[in-house]
Structure formats: structure tokens, C-alpha cells
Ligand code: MEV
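Starting off, we have a lone chain in the form predicted on its own, written out as C-alpha cells.
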């Protein structure tokens, strides 16, 4: 039986599910019975969700949680988080509460520049193209006046255009790199539209401009696209206090010991890429959760962050820590090209609600919030690592997943939670305990 199909995208959701069951199921409605459970009953909302992607047959549910008590630049936030990993929301909330009593998070916007690129090949002498580049720029800008007018009214627009020579790495290859400020929008569609207009103007210039000799008129546009590498669209979040104010910790560790071990843990992530990878993954546990909750692109944000972490040629920690003159200081610099208008931020009902919970922030304010969340998550993880270890808290948060997997009833759940209050949690230990309850 052939599983090949033409016109799949034209089928209704129900028809797609029937095809799925016919070719990949064990019986009629084998997959559909589960898929249909997750359809939104409000048909208008479901229609919006279906429009986000292609060939949709259901919705994949991920928990939506709240992390309260974030004091950021003097304002208290309750931050929405979308994540399926146990302990992340609890850890962020714990770190937020801890730092609320020590001055909270302080942030600084370090830049708002986003980048687009036009790659092209041209066989003429490089001195010539650099000499006429000011004329090329004028032609490019002339062609997008109508496109950029509204963005300029909001204080944004094109901030710089430069010509990059790649001919030493690839014969005849050049790039026009364009810098943008897109204000409160992420700006991907705006940037790409401008770049494609630029590409058309560039071709026109070389074909028609009087300064171009006939033997130099051939130009080959390879591609025009924004870059998700945004090292100049960055924000810093930091916390600090006197070492003596750090307090004491669950295993009896004193403030001075915690501060030095913590600093060393960050230092290890600066010098060892194996540790840095896990270290930064923990940061993105927090960042991605807020990015998802607000309808932004977590894949673009992560790609930019990992490129930023390797900007000197070695992959390193995104966060830093120092102890100087009795002050503990912990901070994070991270690129965040995100928006609060346009795209899913307005279309997705929960993304819109998330922004309302955050007070309808500007893009800059959302950058501050997201970076603070990343720093909080990193602080919580490192504090656990250098004191009690990460597994104790993580497995306790994971315990409900284990109990659900074992199909424990309500009484068994309560007895298990009480029994493991002061014991090490593992899947086998919980399974054995639940089995003993069932036998009795």
C-alpha cells in the first residue's frame, strides 16, 4: 500500500487524520482520537492557531506558568513562562524572591542594532566598487523611501550600510551589510523586504548607471536575508550585594564559601566549552520560556546567543561573576532581537495575554525582563550545583511526572509525596514505593 499522497495540504484536518490513521495507524481513529482531544473548542481561536503553520492536525500542549517577585529596575513583575521541564519555573521564582531582598535585577540596553545582508558576486576590480559605493548606497536608499517612512516615524529605520569584501575567501564575493533599528517590532519581514528591494536596485544600478563600464555590468545576486547574529542588539542584566549579605545555605555553607565557589563555577564555564554548553543551556531554560510565552522566535534568540558566546573563537559562558572589595557581582550580556508588536505577539491569544501581564512592555523593556529571567535561572542552577547538587531539587519537582507515569491514584500520590519529603527521589525508588502501596 503506497503512502505517497498529492494534495495533502488541501485536505481538511479531519481528512488529514483519516489519512494518518489509514496509513500509519492500527485502526480507524487510532491517532485521531488523541489528536482531537487537543483541538480548541473555540473555533475562532483554533482557526488562528491553524494559520500559524501548515498541515496542522492538532495542538501540542506545553505548560504555561508564572514566576512572581521579579524586581527589575525598581518594578515588580510576574513573568509568564512556557516550558515543559520540571523545576525551571520553581528555580526562577526562588531566585527572584532571593534577589528581591537584595536590590533586585538591574539592566542596561547595550544596543538595538539588527543586521541584514545582500550577498553577490561581481568580477570587476575591488577598488572600483568601493569608489562608487556611495553612489550605490544613494540608489539603494532612494528605492525604499516609502518602505521605511513609517519605521522612521517611530524613531527607527536604516542606520548604516557597508560593503564587505569576501574575495580573499571566495573569488568575486561581496556583501552589502545593512544595519537596522526596528524599534518595538522584531522586524524580520520589514528587514527582508528592504533587502530584496535593495537587491533589485543594486542590479538596476549595475545595468544602467553611466559610471559602470560595459564589461563590469554583470552582477549575480546570491541571496538577500536578515542575519540572526545580532551582537549589537544586546542587554545586560546584573545582581550584586555585599558578600556578607548572601546569607547561609541549606548545607551549612557560609556566604564567603558560596561566593567563591559560585565565582569558580562561572569561571569554569568561561574556560571549558563542555561546561559552558550546559551552563548556557540553563540560561536559555529561562530565556526560551519567556520568549515562547510572548510569541517571539526562540530559535533565532538561541542562535544569536550561541554565536555571541563564541565571538572570540571559543564557546564560553554568557554570564560572568566577580568578587571585588567585598561585593559579589553576577551579570549576563545577551543578544535579544525580539519584539512586542506584529507577528505572533498580536495573533496568539496567550502571547497577547503574556504581554498584558508584563504591562505591555516596549521591545527594550521586554529585553530587560528576558535577560533578568536568564540570569535568575543561571543563579538558581549554580547555587544548587555548588551547595546541595542539582538533582535533589530537580527530582522532587520531577516526582509528579513519575507518579503520573506510574498511574498512581490520589491517595498514593499524597503518601508518596509525604514519604519522599526527606529522601532521595529516583524513578525506581518511587516505583517500588507505589508498588508496595498497591500490594497493601
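Positions refer to the first chain, counted from 1. Remember, it's a predicted structure, so these values are computed and weren't measured experimentally.
What follows is about the form predicted together with (R)-mevalonate (MEV), which we do not show.
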{"query": "Site test, 119, 121 and 199 vs (R)-mevalonate (MEV) in the predicted bound form, non-hydrogen atom cutoff 4.5 Å", "finding": "no"}
{"query": "Contact residue in the predicted bound form, from 281, 154, 311, 261 (heavy atom within 4.5 Å of (R)-mevalonate (MEV))", "finding": "281"}
{"query": "85, 211, 356, 218 - the one with a heavy atom within 4.5 Å of (R)-mevalonate (MEV) in the predicted bound form", "finding": "85"}
{"query": "Stretch in contact, per heavy atom within 4.5 angstroms of (R)-mevalonate (MEV) in the predicted bound form, of 375 to 383, 55 to 63, 24 to 32, 400 to 408", "finding": "375 to 383"}
{"query": "Non-hydrogen atom contact residue 275 with (R)-mevalonate (MEV) in the predicted bound form at 4.5 angstroms", "finding": "yes"}
{"query": "Residue 285: touches (R)-mevalonate (MEV) in the predicted bound form, heavy atom cutoff 4.5 angstroms", "finding": "yes"}
